[in-house]
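Here's a solo chain for you in structure tokens, the form predicted alone.
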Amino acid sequence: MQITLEVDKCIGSGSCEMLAPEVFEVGEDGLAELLDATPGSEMESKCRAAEESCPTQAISVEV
């Protein structure tokens, strides 16, 4: 699985970190950071939830 985060679209809502803290973290600048761009398949449901919850569609998940 490949996760892409378009930081320039991020508004720092934090929903991604709340739903998949193993993959996303909100940094000191208030914007999301990608901790793991290629998480295992066991993280797919959490990553999909983060993708769907992102208000600016900054996250994409490809399997």
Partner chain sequence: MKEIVVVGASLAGLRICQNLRRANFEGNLTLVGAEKHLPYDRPPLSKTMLSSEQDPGELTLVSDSELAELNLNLILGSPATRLDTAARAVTVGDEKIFYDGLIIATGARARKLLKTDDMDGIHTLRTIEDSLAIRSALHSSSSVVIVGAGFIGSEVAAAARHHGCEVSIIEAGGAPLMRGLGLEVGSACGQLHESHGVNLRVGVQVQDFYGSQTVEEVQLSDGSRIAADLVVVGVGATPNTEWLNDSGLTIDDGVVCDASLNAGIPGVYAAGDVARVPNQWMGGGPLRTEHWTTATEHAALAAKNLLQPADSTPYDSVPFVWSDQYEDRIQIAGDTGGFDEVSFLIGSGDEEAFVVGYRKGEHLAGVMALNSMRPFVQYRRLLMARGQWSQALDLAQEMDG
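The model shown is predicted, which means the values in this text are computed figures rather than measured ones. Positions refer to the first chain, counted from 1.
In what follows, reference is made to the form predicted in complex with its partner chain, a form of this protein that is not presented.
By the criterion of a heavy atom within 4.5 Å, Met43 is excluded from the residues contacting its partner chain in the model of the complex. When its partner chain is considered in the model of the complex, Val26 lines it closely, a heavy atom lying within 4.5 Å. Proximity of Gln57 to its partner chain in the model of the complex: non-hydrogen atoms within 4.5 Å are present.
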